[in-house]
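Presented below, as structure tokens, is a lone chain in the form predicted alone.
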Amino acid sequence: MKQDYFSANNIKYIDYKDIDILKRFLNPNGKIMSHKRTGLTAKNQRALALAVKNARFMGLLPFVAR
């Protein structure tokens, strides 16, 4: 079982402005990877999805990578 990245690095809040961290959980096409691939807890996976969606809306991350 993988260690939860956010728990391991003591990150309490997943910020949509921190795109370097968010990009780790996107596949090359820009899709959010599943919790089985990322090893995140369900709570952190939901928070990650929300942060990625906010970052996309604000124009920090692309909706689709070509």
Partner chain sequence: MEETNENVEASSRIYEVAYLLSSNISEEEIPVVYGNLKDLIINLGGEIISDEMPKMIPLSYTMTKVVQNIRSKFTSAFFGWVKFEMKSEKVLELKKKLDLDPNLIRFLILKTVKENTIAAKRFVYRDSKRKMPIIKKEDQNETSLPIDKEEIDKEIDAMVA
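These numbers were taken from a predicted model, which means no experiment stands behind them. Residue numbers count along the first chain shown, from 1.
Omitted from view is the form predicted together with the partner chain, to which the following refers.
In the predicted complex, the partner chain lies farther than 4.5 Å from every heavy atom of Gln45. In the predicted complex, at least one heavy atom of Met58 sits within 4.5 Å of a heavy atom of the partner chain. In the predicted complex, the partner chain sits within 4.5 Å of a heavy atom belonging to Ile11.
Contacts between 10-35 and the partner chain, taken as any heavy atom within 4.5 Å in the predicted complex, involve Ile11, Tyr13, Asp15, Tyr16, Lys17, Asp18, Asp20, Ile21, Arg24.
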